[in-house]
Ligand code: BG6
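Just the one chain here, laid out as structure tokens, in the form predicted alone.
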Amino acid sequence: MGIPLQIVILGASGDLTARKLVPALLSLAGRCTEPFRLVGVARRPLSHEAFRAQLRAELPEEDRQAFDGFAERVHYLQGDAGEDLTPLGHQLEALPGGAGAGRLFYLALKPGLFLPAMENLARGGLLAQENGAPWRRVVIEKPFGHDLASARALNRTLQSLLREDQIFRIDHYLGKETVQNLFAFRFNNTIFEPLWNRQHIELVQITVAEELGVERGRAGYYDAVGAMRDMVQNHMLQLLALIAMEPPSSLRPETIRDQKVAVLKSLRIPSGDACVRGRYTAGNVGGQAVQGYLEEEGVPAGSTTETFVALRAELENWRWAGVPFLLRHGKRLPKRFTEVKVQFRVPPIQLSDAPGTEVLADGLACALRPNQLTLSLQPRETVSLGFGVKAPGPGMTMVPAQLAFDYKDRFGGQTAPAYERLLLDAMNGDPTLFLRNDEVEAAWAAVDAIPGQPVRDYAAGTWGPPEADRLFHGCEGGWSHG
């Protein structure tokens, strides 16, 4: 970074600041060559000392001693991001580095405040980089718009205030070590890259399953967006883009992001019955009785918001034509896991005995699919490859086996939190793991094109509406259960 750094969090009294941003910044504080200052801005009337005490109380016990050494660099300003932010400029001028410091503004705000906050920052001269001023960057949380039209309008306004290279649209999934490994795994292992196409891959599944409902007061936010906008449009389409992108010619940020955009622009949902939406009703999750979505506190009566989405999508490009990408996300499912499963085709002739096939309910005899590559993102970060081996004894009877890799077993401990990696990249001006304007718009265009479907009930603790199982055709198999 090379110059003093000031980090400003607008909306600093929220849950995101205490749970994610401050722990990440605390970890980074000992690694940055230049000490940075943190300024929290929120409407609550707090002193610097009260704000520090509030943040400290939210930290795990093992981090509090480290925070005590960092606390003197933490400051607070009572203010409304939707109103005049001139006092913020005065406070930043008084901190070490003053106007000569690099400034990172993090919008930990409700989406409706993004534009007012940006306009007030610009009006106060806090975003200007002219006349030799050091860098100014803004990190914007999701959701970035609620459809294609609103995302375009937001992009236009932002680009009237900032250059594109100053805007860092964050998707914390891209900071996860295993998500980054999707890229490294594909392009650094020649045993897989030649097989990564329609000739060898039958289908790809992407699942984000959650046991939780809409606890902790999230119902108001969630009911306005639903499963499609909360998870599919951003996190899951980012995973799809990394799985399906063409090899970039270099590791330059724009080269990588160009390839991701090309995938999203080729995404198609073939017809109305290729999308299933659902909503959980009362049931049992992990041995605990839970209420239905419509009974959750804060959910309006008569809500039609979905808590489950399953899609059968296709990519209209040379590499993937005809290969289905099956995406599934739901709340109140039997277990929590996130994974990508790549299912390879079977040999043209089966030379094994009968156990190499299974008979489906409709009488269709199908060859087993022993070759599946599974990349698990949570709760454990693992990579496993399934294959068939001959069982001892006479005959050619095949049984499944696996090769497996576990991040924790190999590297020990926990991988760095996603926000830590992404905040460091934003400080350094590296946009590789952030979303470009056309990338956001391409994802919204794909989601907006999905036809509306009725919201079907499913009991909490089950795997969603049974209609989702019908997205698999013929002998393709079924959804992973983690």
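Please read these numbers as outputs of a predicted model, since none were measured by experiment. All residue numbers refer to positions in the sequence shown, first residue = 1.
As for the form predicted together with 6-O-phosphono-beta-D-glucopyranose, it is not shown, yet the points below apply to it.
For the three residues His172, Arg218 and Gln378, a heavy atom within 4.5 Å of 6-O-phosphono-beta-D-glucopyranose turns up in the predicted complex in every case. Contact annotation for Glu119: none of its heavy atoms lies within 4.5 Å of 6-O-phosphono-beta-D-glucopyranose in the predicted complex. Of the heavy atoms in Lys260, none are within 4.5 Å of 6-O-phosphono-beta-D-glucopyranose in the predicted complex.
Put simply, Asp230 is close to 6-O-phosphono-beta-D-glucopyranose in the predicted complex: some heavy atom of it is within 4.5 Å. 6-O-phosphono-beta-D-glucopyranose in the predicted complex comes within 4.5 Å of no heavy atom belonging to Glu202. Shown without its partner, this chain lists Asp165, Asp223, Glu210, Glu246 as candidates; in the predicted complex, only Glu210 has a non-hydrogen atom within 4.5 angstroms of 6-O-phosphono-beta-D-glucopyranose. Interface residue among Lys331, Arg137, Arg328, Arg312 relative to 6-O-phosphono-beta-D-glucopyranose in the predicted complex, by the heavy atom within 4.5 Å criterion: Lys331. Considering 6-O-phosphono-beta-D-glucopyranose in the predicted complex, the lone stretch of 191 to 199, 387 to 395, 172 to 180, 299 to 307 in range is 172 to 180 [heavy atom distance within 4.5 Å]. Residues of 232 to 270 placing a heavy atom within 4.5 Å of 6-O-phosphono-beta-D-glucopyranose in the predicted complex: His235 alone.
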